[in-house]
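Just one chain is shown here, as C-alpha cells, and it is the form predicted on its own.
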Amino acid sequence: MRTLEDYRDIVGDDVIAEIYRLARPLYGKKVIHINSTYYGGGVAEILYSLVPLLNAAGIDADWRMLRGTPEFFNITKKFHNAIQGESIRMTDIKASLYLENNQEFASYCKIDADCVVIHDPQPLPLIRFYKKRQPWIWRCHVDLSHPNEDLWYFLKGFILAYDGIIVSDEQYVRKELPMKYTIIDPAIDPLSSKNKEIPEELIDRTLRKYGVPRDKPLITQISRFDKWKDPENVIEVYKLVRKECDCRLVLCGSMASDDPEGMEIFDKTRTAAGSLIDNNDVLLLTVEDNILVNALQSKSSVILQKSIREGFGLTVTEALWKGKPVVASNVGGIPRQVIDNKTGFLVEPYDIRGCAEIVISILKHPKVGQYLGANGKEHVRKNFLMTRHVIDDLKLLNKVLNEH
C-alpha cells in the first residue's frame, strides 16, 4: 500500500504537510463512498486511489459498490444519457425498478459512518432507505448543464434530502436547487500502474501482446465505447488524417460493468472502421489493462478525446501527464485541462475536418507536440494529481462535519 510520503518527490513537502494538517481534526471520523462499479471509468479509478490515501492520512475511509440487476443498469444507463440531454420516457416501471434495487441494497448495506458520499445517479435514492444520522453528499461526475427535464424533476426529489453536492465544474451548478455546491476537479494518481513511468522493454512487450505495431505514428483515444465519446466520428477524423500522414489509429476502452450499451457502440464503431480494421490501420481494443493504456499513451504521437459530452475527462489528464499533445473537444471539464494552443488544442465536438487538420499539423510538426506536452504535464502536476483531490476532500469533510 502506498503512503503519502511516496508522493513527496512529485508534489513537494508542503502538499504532504497540508494533508496531514487537514486530517488532524478528523481523526476517528469515518466516511463511506458508494458507487456502482469497481472498474471501468473515472469514478472507480478515483476511488481506487482516493480511499486508501484518506486512510493513510488518518481518516477511516471505506468504499462500497451498489449491486444491481441487468434491468437496473439498463435503466440507469438511460438515466446517465438523459442527464446529459438525451430524451427519455419516464415510466412508473423504470422508477419502481430503480427504487427497488436501491432499497434491496440498503437492506444489507450498513451505513456506520460520520459522512456518506454517493457517486452519480445509480445509488442516489439510497438516502431514502436509511434513517439519516449524518451528512450525505451527492457527487455527480457527469455533465449536468442540460439534463432532460422529466428525469431531472424525478431525481431532484432525492437530491433535496442531501446536505450538499459535489460537481466538477461551475457550469454544472443548478441554480434552482437550494443546495450547497462544492467544485472538486477529478484527479489522477501519478503512482498508479496507468500513470507511472514504465520501462521501454515493458512498453514494447505490452504492445506486442495486444498486436499494436510500432512501424508508424499512433493516434489514440482511450475511452469507454460510449456514444458520448463519439468513437464513430473518431474513425472519420482518422480517414481524413491518413490521406496526408501514414499513421495508425487505436481506440482502446474497457467495458464497464454498469454500462450495458458498450458492446452495441463497439459494434457500430467496428462497422464504421470497415476494411481499415482488416488492414490493421485501425485497432479496437476492449481490455482492462492499465499497463496497456500507459504504453499506448506513452508511445502515441497524438491523443484524441473527441467527446460530445464529458464530465471531466480523466483520460485527457492521463495523456497530459505523459507529456503528449492532446486534441480534445471543447466540452465539459476538458477546457480546464486543455488550454488551447498552450497545453493542447480544443476543437468543437462535431468539427471532424478541423480536428483532422490539427492532428495532421502535429504529426508534421513534432516540436509543437513536444511544447504542448511539456506544458500539459506541468499543468497536471499543479492542478490534477490525487494529492490535491485528497486536500479538497479533507477541506470539505472538515466543513461538513463541523456544521453537522
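Note that this is a predicted model, so its numbers are computed, not measured. A residue's number is simply how far along the shown sequence it sits, counting from 1.
Unshown form predicted in complex with a small molecule; subsequent notes refer to it.
J.: 171-179, 311-319, 147-155, 100-108: which one contacts the small molecule in the predicted bound form at 4.5 Å, heavy atom to heavy atom?
T.: Heavy atoms within 4.5 Å of the small molecule in the predicted bound form occur in 311-319.
J.: Quick check on this chain: which one of 233, 206, 290, 134 has a heavy atom within 4.5 Å of the small molecule in the predicted bound form?
T.: Checked against the cut-off, the match is 290.
J.: Have a look at 116, 327, 295, 222 for me and say which one sits with a heavy atom within 4.5 Å of the small molecule in the predicted bound form.
T.: That would be 222.
J.: Check 42, 45 and 254: does every one of them have a heavy atom within 4.5 Å of the small molecule in the predicted bound form?
T.: Yes.
J.: Answer yes if any heavy atom of residue 229 is within 4.5 Å of a heavy atom of the small molecule in the predicted bound form; otherwise answer no.
T.: Output for residue 229 is yes: heavy atoms within 4.5 Å of the small molecule.
J.: Determine whether any heavy atom of residue 248 comes within 4.5 Å of a heavy atom of the small molecule in the predicted bound form, and answer yes or no.
T.: Flag for residue 248 set to no.
J.: Could you tell me if residue 306 has a non-hydrogen atom within 4.5 Å of the small molecule in the predicted bound form?
T.: The answer is no: residue 306 has no heavy atom within 4.5 Å of the small molecule.
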